[in-house]
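The chain below stands alone and is given as structure tokens, in the form predicted alone.
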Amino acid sequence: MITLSLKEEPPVPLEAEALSPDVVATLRYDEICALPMFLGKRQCRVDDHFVVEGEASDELEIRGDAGRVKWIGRGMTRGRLRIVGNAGMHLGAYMKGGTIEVTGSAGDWAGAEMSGGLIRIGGNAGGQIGAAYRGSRTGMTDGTILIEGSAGLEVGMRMKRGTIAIKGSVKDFAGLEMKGGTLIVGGAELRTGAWMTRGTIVSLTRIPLLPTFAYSGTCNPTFLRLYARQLGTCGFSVPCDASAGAYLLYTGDTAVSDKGEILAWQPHAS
């Protein structure tokens, strides 16, 4: 395993696209130390900011508060990346495979436009998780993002496939222009599912909905049992017991389509 220990928090965001298992997997110690990074407009080396240990491995561990280190794991296709601390913006953007684990929190755009792999964040996350970048038509197209805490705005914006599961609540516009996939949240603020055309949003609590979503009754979908089983192994609880409650089903957004669905869990009155 290659270990990078951050010497000190950078004064401005540090762009570190080179910190990926794909890049370091075949490199010697001195080559890893010399990998380029950018501190603002100034190009620097990895060993200017990190203490480097190990060589030639697709297992990479970053230690320290990397909340200002951007683009970690960009486009990675294999291996394992573990961050002991926080991670900055664009974590795992364009990711195609492998696993990223963060013990702390992560910034905006984690998993943006990813097409495979697993990202697991132990704390909170910023906005635009698994989303499409500005001007792009499609967000994440496959893969899984698991967040133990809460998240910000526009989670899953324009996602087409894949799974995002968040234990806590998310802010406005979750599932904005969603085209497919599954978004599971502990709760949400306003405008959830705005302009969604397909896909499923599951809220584990009642949430405010736009008037363009039509109530279609109650249900306990079979597919949620599969999610409950899979996510349960990761410590995420998805209720699916009909004796305990039911999901309120809403379809929409009828302003653009009626093929999207929002499921909101409602336990039976005790």
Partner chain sequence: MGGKVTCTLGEVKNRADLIIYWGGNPADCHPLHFSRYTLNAKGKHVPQGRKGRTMVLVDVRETPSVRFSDIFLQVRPGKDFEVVTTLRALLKNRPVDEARVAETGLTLEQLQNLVDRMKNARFGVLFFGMGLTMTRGKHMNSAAVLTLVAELNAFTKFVSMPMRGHGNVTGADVVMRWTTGFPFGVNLSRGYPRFNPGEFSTIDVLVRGDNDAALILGADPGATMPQPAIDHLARIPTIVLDPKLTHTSRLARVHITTATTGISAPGTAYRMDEIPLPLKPILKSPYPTDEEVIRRIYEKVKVKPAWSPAAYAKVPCA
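Only a predicted model underlies this, so the values are computations on that prediction, with no experimental measurement involved. Positions refer to the first chain, counted from 1.
Note that the form predicted in complex with its partner chain isn't included here; everything after this is about it.
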Tell me the stretch among 39-47, 55-63, 24-32, 219-227 that has any heavy atom within 4.5 angstroms of its partner chain in the predicted bound form. 39-47
Residue-level question: is residue 232 within 4.5 Å of its partner chain in the predicted bound form, judged on heavy atoms? no
With the partner left out of view, is residue 184 within 4.5 angstroms of its partner chain in the predicted bound form by any non-hydrogen atom? no
Partner contact for residue 205 in the predicted bound form: its partner chain, 4.5 angstroms, heavy atom: no
With a 4.5 Å heavy atom cut-off, would you call residue 236 a contact of its partner chain in the predicted bound form? no
Does its partner chain, in the predicted bound form, lie within 4.5 angstroms of each residue among 176, 189 and 258, using heavy atoms as the measure? yes
Since the partner is left out here, which residues of 1-20 would have a heavy atom within 4.5 Å of its partner chain in the predicted bound form? 11, 12, 13, 15, 17
